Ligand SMILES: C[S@@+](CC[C@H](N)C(=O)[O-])C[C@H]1O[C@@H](n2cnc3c(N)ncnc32)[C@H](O)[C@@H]1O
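Below you will find one chain, with nothing else, as structure tokens; this is the form predicted on its own, and questions on how it binds or moves follow later.
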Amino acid sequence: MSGSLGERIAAAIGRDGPWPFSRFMEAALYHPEGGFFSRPGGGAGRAGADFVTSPEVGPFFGALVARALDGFWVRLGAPDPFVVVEAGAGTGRLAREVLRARPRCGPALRYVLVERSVALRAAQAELLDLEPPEIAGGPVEPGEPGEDAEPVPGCGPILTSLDSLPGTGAVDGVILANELLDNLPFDLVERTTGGGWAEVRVGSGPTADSGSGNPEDAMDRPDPSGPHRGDLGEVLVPASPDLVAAADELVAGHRVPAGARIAVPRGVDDWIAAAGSALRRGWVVLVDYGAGLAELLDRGPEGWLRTYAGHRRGGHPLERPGEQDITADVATEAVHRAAHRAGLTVESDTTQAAWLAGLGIDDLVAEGRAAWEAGAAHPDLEALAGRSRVNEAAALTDPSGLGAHRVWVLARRPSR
């Protein structure tokens, strides 16, 4: 199809009418022909990409995640196989660093990278030794007549790649997602003067930014940020009953003034439900931008809705679809409610800095600093690695950056 992604979206809106923000976000980020994550080289990374996540800071984050996986493996009874599913795995950088750390669970490990982008899955194949999904479980020994075959122990780590989460009850182990939730499409609503909700949709052409279709005067106004490239703009319409119910549930107990906006994270709800279905026993570990709803309301959309391109903040979310990342902080209340609905228990909810402290980052940094000081006069590889560890730790625990990320550990308790 000819034309930029923005032009094609505008044409589709012209035919269909204004889109929910979630539909626009889905197309802008994941459209197979021009979506942000469908571009070769798009997404996370230092060179030729648009933002840096914890795994791209260096190998230290992967080594700490390996420690966490070993802890979960032991708590689960050291099963073999031990399944780790990394959702939103990107190019496979985190998986590579986890394996390089040589975790104790390695001989039992089946590492499944889940990534919907064809381009990023191709990059995984260049970075990792992947097995076809049908043989990724490893060799098996035939069982007795009428019994299932038994996996051969000690043949891990074995890696494979999928485009979606495994099926129901397929995982005994850990489902891990680093900076995935913030990119899952959400609907956008605004509190009206009457205490109800208007839905913020994406329009095109002369109706965009007009507030058309809304019965309240407070909605009958243009978007204050003005028109957007490609004739895309905001249209406020009455929210549907199911969207009103979801928004009311999310803000329960909070005062929401007229004009305030919130994200209704239906993508997060759906993903956690799918992860809960896939997990037979073990944990879901989520690392992401997040904060309590009261804080997000205080910040406003300019504080929790962001875009990135070329390692810099981008423009308005409706600008240049497919050329910039669209991301939003996740309300902790939304994660807790979704976990409860999925039958998962919130085992912990903390910052990345605190989570890494629990994994022993301070002791490892002290070792690195000692190695660097001992060899600084004539630095060898060990000394340089020590200095790198110190620098990486500072970035990973920075309270104004990655260290402020939320880490949610959701558990499905092993049956006794």
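Position 1 is the first residue in the sequence shown; the rest follow in order. In this text the structure is predicted, and so the values were computed from the model without any measurement.
The protein also exists as the form predicted together with the ligand; that form is not presented, and the subsequent description refers to it.
The candidate spot formed by G62, P103 and L286 lies out of contact with the ligand in the predicted complex, as no residue has a heavy atom within 4.5 Å of it. Residue contact check for V264: none of its heavy atoms lie within 4.5 Å of the ligand in the predicted complex. The shortest heavy atom separation between Q324 and the ligand in the predicted complex exceeds 4.5 Å. Among heavy atoms of A291, none comes within 4.5 Å of the ligand in the predicted complex. Remark: S117 counts among the residues lining the ligand in the predicted complex, judged by a heavy atom distance of 4.5 Å or less.
Here the chain stands alone, but in the predicted complex its contact with the ligand, taken as any heavy atom within 4.5 Å, falls in 80 to 88 among 238 to 246, 80 to 88, 190 to 198, 316 to 324. Checking N183, T307, T160, T332 for any heavy atom within 4.5 Å of the ligand in the predicted complex turns up a single hit: N183. In the predicted complex, the ligand lies within 4.5 angstroms of a heavy atom of only one residue of 17 to 35, namely Y30.
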